[in-house]
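Okay, here we've got a single chain as structure tokens, the form predicted alone, with questions on binding and movement later.
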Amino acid sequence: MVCAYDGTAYFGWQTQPGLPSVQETIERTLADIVKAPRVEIHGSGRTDHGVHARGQVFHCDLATRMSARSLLMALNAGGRLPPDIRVRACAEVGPGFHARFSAVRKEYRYYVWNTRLMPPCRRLYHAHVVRPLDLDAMRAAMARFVGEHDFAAFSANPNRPVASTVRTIHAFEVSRQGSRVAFRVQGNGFLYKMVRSMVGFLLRVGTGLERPEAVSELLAPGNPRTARVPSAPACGLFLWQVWYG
């Protein structure tokens, strides 16, 4: 299944005891539809408190006579899911499919509102940057992220074992339309807070606080995370799409 959600009211995708999460909300709704004591779903990745999604993918094992189409309609009808979560697609897959481990590419998008005043209707979906941004400088820095690198300096401690901090960035772009600045990044996978860290550093480059060449310095193998790399606010981040081989 592919779902979209506004992450403002949730403490991230993953179920957390005593806190609202997107995963728990969908699991509870699915269990009610198929009359099961519990349904466990597995997402393509975790998103943090306040992060949004247009194309989060998850899978689950269900024993039901309902077709994929009927299940999709049931999830989105009758107020079963809250209005800030919608399931966009549903399909049967083979037993070898895993929403996380079968993914081969992901895309995230990050939005910044770059002007003196933040319109109230934009505040939940954009980071606010008042100072002018130099897009050419940010593009020069972005080019240094592309390829396979050790992104330890652009990740945070996820409080769980991580086999490797090496990832591959396939594409990284920035564009501007009026006051809205949009970042688009694709890679084979992303570490905890990696996208927000890369964008946070690019914003420092865009405002003249760092040089584009500094990206290569920070990507040197073994470099730890330092205060030079801030995390951009969660509200501007969207999990946009996941691809499978």
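Given the structure is predicted, the values throughout are model-derived calculations rather than measurements. In case it trips you up, residue 1 is the first one in the sequence shown, and so on.
Only in words, not in the display: the form predicted together with a further copy of the same chain, which the text now covers.
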- Though only this chain appears here, would R196 touch a further copy of the same chain in the predicted bound form if you measure heavy atom gaps against 4.5 Å? no
- Item | Touches a further copy of the same chain in the predicted bound form: D134 (any heavy atom, 4.5 Å) | no
- Task: Considering only heavy atoms, tell me if V130 and a further copy of the same chain come within 4.5 Å of each other in the predicted bound form.
- Result: no
- Task: Please run the contact check for L124 against a further copy of the same chain in the predicted bound form: heavy atoms, 4.5 angstroms, yes or no?
- Result: yes
- Task: Can you check 83-91, 144-152, 166-174, 102-110 and let me know which stretch has heavy atoms within 4.5 Å of a further copy of the same chain in the predicted bound form?
- Result: 83-91
- Message: Checking a candidate spot here: are H98, N114 and F183 all in contact with a further copy of the same chain in the predicted bound form (at least one heavy atom each within 4.5 Å)?
- Response: no
- Message: With a further copy of the same chain taken in the predicted bound form, which residues across 187-203 come within 4.5 angstroms through any non-hydrogen atom?
- Response: none
